[in-house]
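The data below hold one chain only, encoded as structure tokens and taken in the form predicted alone.
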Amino acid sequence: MERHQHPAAAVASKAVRYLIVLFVIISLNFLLPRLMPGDPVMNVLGEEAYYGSPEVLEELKAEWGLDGPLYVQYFRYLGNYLKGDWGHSFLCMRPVSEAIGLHLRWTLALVLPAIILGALLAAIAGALAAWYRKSKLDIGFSATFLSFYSMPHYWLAMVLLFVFGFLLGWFPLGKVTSGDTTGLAYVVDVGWHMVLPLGLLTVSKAAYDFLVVRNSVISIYGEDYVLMAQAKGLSQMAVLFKHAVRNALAPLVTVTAIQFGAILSGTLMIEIVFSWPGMGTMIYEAIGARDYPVLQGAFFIIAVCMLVANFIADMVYVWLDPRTR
């Protein structure tokens, strides 16, 4: 006979697993940047620094926590993270938490609306395509979303920027503002700069989610509760969106959480193309400068966001699909 865990025990068990995964990610965040070729001291001071005083170089490495064997640096790094100290950026000479805070808000300004709008677009289009499957509507939606899904995000970003920014001049070529604006004018200006990157992210997310929703609605089309709703004389749209779509949303929530990392990584590439001052631009500059603390902090934030999204998805999935309780 199948045993069911108490809800509190199930949540605690999942939380422990997520904490173990987080510890592994933190350890990899320390190791991976140090596997890159190059020396952060040389990147900041230049090659001429190595012809100067060795004492000055050793003092600088000690200040940056780069002195001693690798395992000593690792345990020092773990201790600092447990205390909430992410270190200082080698390049910007400011606390990593402050540097990330300045850039993370601009990434979230793209990611969060794109997730909501993409899921909403996919839910509506996928449900309609499934309900009227094999119709012209289904074929048109499927062809359109599959085309967007097959295109690399960064390539499509360059095409949009070239056509709508350079050739037509409808949208700016990059950045978040055109100049010194305040109040409502600033909000409108930022929104104008967001149109292309946000639209691209929204459609890119919806392209995959559309297939998930379409297949989910088709799979439950003949379920008893759907047939019962139709027998009661409800309209087709009422049956579709009040009964069929809700049960089809559970896979969409799970896919959205799993996709969160892909959405973030895709956003990073798009940010570089549009010169958007988010995490992507910061990570790109940190890689070039071998700025270990910034890379560690940025990857840590991305990992935490992914784990939290997956944890929330686990909880929401149970609420959407009572069969999993």
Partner chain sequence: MARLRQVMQGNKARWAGIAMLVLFILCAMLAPWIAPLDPWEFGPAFLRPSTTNLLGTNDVGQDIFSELLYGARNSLLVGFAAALLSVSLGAIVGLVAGFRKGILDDLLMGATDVFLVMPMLPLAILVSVYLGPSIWNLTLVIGLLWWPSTARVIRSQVLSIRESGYVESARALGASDLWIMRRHVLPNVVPLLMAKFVLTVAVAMLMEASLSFLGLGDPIAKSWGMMLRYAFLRGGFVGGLWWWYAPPGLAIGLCILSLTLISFSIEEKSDPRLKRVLER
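The term rigid core refers to the maximal set of C-alpha atoms that superpose within 1.5 Å between the two forms. Positions refer to the first chain, counted from 1. Note that the structure is predicted; figures quoted are calculated from it, not measured.
Unshown form predicted together with the partner chain; subsequent notes refer to it.
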> Which of these residues, Leu201, Leu252, Ala125, Leu161, gets a heavy atom within 4.5 Å of the partner chain in the model of the complex?
Replying inline: Leu161
> Can you check whether Met151 is within 4.5 Å of the partner chain in the model of the complex, heavy atom basis?
Replying inline: yes
> Does the 4.5 Å heavy atom contact test between Leu70 and the partner chain in the model of the complex come out positive?
Replying inline: no
> Just to confirm, Trp155 within 4.5 Å of the partner chain in the model of the complex by heavy atoms?
Replying inline: yes
>> Taking the partner chain as it sits in the model of the complex, is Lys134 in contact with it (heavy atom to heavy atom, 4.5 Å or less)?
In response: yes
> For the stretch 278-301, which residues lie within 4.5 Å of the partner chain in the model of the complex by non-hydrogen atom distance?
Replying inline: Ile283, Tyr284, Ile287, Arg290, Tyr292, Leu295, Gln296, Phe299
>> Does Tyr77 move appreciably between the shown form and the other one, meaning a CA displacement of 2 Å or more on the superposed rigid core?
In response: yes
